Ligand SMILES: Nc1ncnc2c1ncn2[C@@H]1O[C@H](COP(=O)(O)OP(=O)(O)OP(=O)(O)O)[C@@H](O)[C@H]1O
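Only one chain is included here, represented as structure tokens and corresponding to the form predicted alone.
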């Protein structure tokens, strides 16, 4: 049971003043007992007739503002922290019934049960986020201040009907999320990245950096790991692409997965890592641990932010340097976003074949440019040609992930690095997705097409026992 953070009520022992939620007037007594929620709620000075659902939602929001301090004062703190949720819910129900009776606010059973559930979540859970976190169809939660919560489902972003009581309630939930993780946010440190116990990734930005109230983004951790077979079922790639990538990972090619935000890079990295043979010593390096590898011999490293004094930070680059001394067979870097790109390239060029990483870019060619820029961030003065030679010698191929306009995610390019021609790194597409149209329902149609080019890396793959038929590069799949 999580401890209840301070800030819910007034001074100890002081019973807060309670009043009918603003904007609501008491209906006339009917003497007929309980009535439905919408009929029991009448706006004081209506300008239009609100829908029953909106009226019920507004009632819950306004009533909870006065109810929460009242409950905190009345409930024994030992019960709050006992972990006995059934006893706590029973007590909350009794106190809510007393409050509704005292204020003579008749509501239906359905609305009362929702009120009990919401208040219980507010006191011992993550408030309105509880239901969203449990909903497996929700892949991302985006909170823009206390009254706007957007969710992503099946690649589409929509506004959720749930919201926080107020900004203070949102800040309490932020503290509940971060405190067990040893993280914090305040005016002196208004930005925080963290990982929840279930693996979900959290980013928090509060005022003064967030102008319209605290902003929280939660990338939910999927309990159902997506394998390459599943991705093929979802038509994210073709069988020919899957066969090549399986041979590429087993054959120890160095692969960079590129894509925009939310394009499925981490999902692709997780799926590709499943092809790493058992017996390899794998070391993962991440900013916030998201990878779940099925192999037995895995060492997981995670960066560490600075402490309250601004000291003690451990960066991705520190971890990459350290893992090179840990006798890795495979190095998997969650994302290259800084000077660690140079250390990664040096590792790939010094015998650590089969390394995997991701980076933000909209195409394989842009991914090349981004890696060059990240290498310059390492602070080592290298000529541009030397950086390009490092990349051309280290990276074997790029896998481009894209989120299309219908919300679907696909592997749009698999591109091989051919080498250097003068000052330019040459690339060759092996597979690509060609969009052919959009249906009336808004679904994207297209073709996964093999480009018919036998890759330069085939000799490397054969040397590692991977005998991939060349016909794979001539396959097509219409979706």
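Positions refer to the first chain, counted from 1. Quick caveat: nothing in here was measured; it's all calculated off a predicted structure.
As for the form predicted together with this ligand, it is not shown, yet the points below apply to it.
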Q: Look up in the predicted bound form whether residue 236 has a non-hydrogen atom within 4.5 angstroms of this ligand, and give yes or no.
A: yes
(Q) Just checking whether residue 231 would be counted as a contact of this ligand in the predicted bound form - the rule being heavy atoms within 4.5 angstroms. (A) yes
Q: Although this ligand is absent from this view, report whether residue 203 comes within 4.5 Å of it in the predicted bound form, heavy atoms only.
A: no
**Q.** Proximity of residue 360 to this ligand in the predicted bound form, heavy atoms at 4.5 Å
**A.** yes
Q: Work out which of 355, 390, 263, 160 lies within 4.5 Å of this ligand in the predicted bound form, going by heavy atoms.
A: 263
Q: With this ligand left out of view, choose which of 382, 226, 243, 289 has a non-hydrogen atom within 4.5 angstroms of it in the predicted bound form.
A: 226
Q) Out of 166 to 174, 371 to 379, 263 to 271, 103 to 111, where are the residues with a heavy atom within 4.5 Å of this ligand in the predicted bound form? A) 263 to 271
Q: Note that this ligand is not shown here; using its position in the predicted bound form, name the residues of 402 to 426 with a heavy atom within 4.5 Å of it, in sequence order.
A: 409
